[in-house]
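Only one chain comes next, encoded as structure tokens, the form predicted on its own.
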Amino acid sequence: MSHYSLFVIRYSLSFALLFTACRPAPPVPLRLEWPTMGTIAAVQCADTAAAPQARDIAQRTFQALDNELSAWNPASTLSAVNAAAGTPQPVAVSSNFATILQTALTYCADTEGAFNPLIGPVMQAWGFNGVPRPIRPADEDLAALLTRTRWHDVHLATGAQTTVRLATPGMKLDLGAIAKGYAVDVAWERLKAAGHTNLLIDLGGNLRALGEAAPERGGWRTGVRNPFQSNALVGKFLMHDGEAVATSGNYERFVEIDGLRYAHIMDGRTGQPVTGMAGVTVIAPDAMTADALSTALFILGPQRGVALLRDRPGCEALWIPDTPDQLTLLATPGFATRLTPVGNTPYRLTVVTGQPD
């Protein structure tokens, strides 16, 4: 290399560094948090001045839906529906309630009851939802409770007034596996209508993106949590404008019975906690879809889960089996191509296509 050419390269590099230094860096997005719907909500805004208004819109949205959908508030619409179970009297519900319930029942049918919004009494028998139980529920007790989870006994009627009736005494709806995603979608639509163009909504890990966080970045960065290591990621990816992400895992809510840990995610077909899976992350076109699918795919596993995704364009998934000694990731092709490893933790990534073994 001649001295002249070396000089040109150095000059060009210095000029580029000078240009970069003079160009103002994009502002760090401002994240505002608050408690709601039994979890923590947040909005993260690229336009920091717009963050308080965005928070107020999302906060009002989440609170209004929680007033309808809370399983803990005796004054909620959901509590009224549950209290009337087994009676001939239907309960009037809003269009929001009907949309969530109809979607939940569709997933219930599509998964042959694996995803079931009536699983609440079974969860209580296992010690969840504020009812501690030091022993494993007997098989006959679970069999009796499963008679209250027949989704065909949920009657949703539309017309001049939309109503819901639970036909069997003791039935209880719990829409927690889908309601937060729906709430994120409603907030996203309202924020977009109010003129917001660049933010990320987070409701207990149910995310939906608007814009791209920073110019030419292409989206908002998020990651896949390592279920075996606190505050660690196994990979990261970009959420594109409009996309949603949800994760279900066995590491946040669980009970211990006779020295064994049982996750809160139940297989509605058996009344048993799901074993063998540590976490599932789903990318979808909207947050309600991502929320419902993350639970359904956690129960179904990779092979049956991929089959469920075939008729859902824009949806991708990643499963992490409960094998802490060997970190393994199984991903749909679209998810695998978007994932970038993080940290020094080795893992084995397998692409699943749903084809028979």
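Position 1 is the first residue in the sequence shown; the rest follow in order. From a predicted model like this one, the values you see are computed outputs, not experimental measurements.
There is another form of the same protein, the form predicted in complex with ligand ADP; it is not shown, and what comes next is about it.
Student: Test of understanding: in the predicted complex, would residue 119 fall inside 4.5 Å of ligand ADP by heavy atoms?
Tutor: Contact with ligand ADP, yes.
Student: Even though ligand ADP is not shown here, does residue 261 get within 4.5 Å of it in the predicted complex, heavy atoms only?
Tutor: Although ligand ADP is absent here, residue 261 would stay clear of it in the predicted complex, with no heavy atoms inside 4.5 Å.
Student: Heavy atom to heavy atom, is residue 44 within 4.5 Å of ligand ADP in the predicted complex?
Tutor: So residue 44 does not count as contacting ligand ADP.
Student: Flag residue 180 as yes or no: does it have a non-hydrogen atom within 4.5 angstroms of any non-hydrogen atom of ligand ADP in the predicted complex?
Tutor: Answer yes; at least one heavy atom of residue 180 falls within 4.5 Å of ligand ADP in the predicted complex.
Student: Would ligand ADP in the predicted complex be within 4.5 angstroms of a non-hydrogen atom of every residue among 123, 176 and 248?
Tutor: Result yes, every residue of the spot touches ligand ADP.
Student: Given that the partner is absent here, state which listed stretch (53-61, 294-302, 311-319, 328-336) has heavy atoms within 4.5 Å of ligand ADP in the predicted complex.
Tutor: Among the listed stretches, the partner-contacting one is 294-302.
Student: Among the candidate residues 210, 154, 234, 265, which is the single one with a non-hydrogen atom no more than 4.5 Å from ligand ADP in the predicted complex?
Tutor: None of the other options qualify; the answer is 265.
Student: Within 4.5 Å, heavy atoms only, which of 114, 284, 191, 239 is in contact with ligand ADP in the predicted complex?
Tutor: For this set of options, the contacting one is 114.
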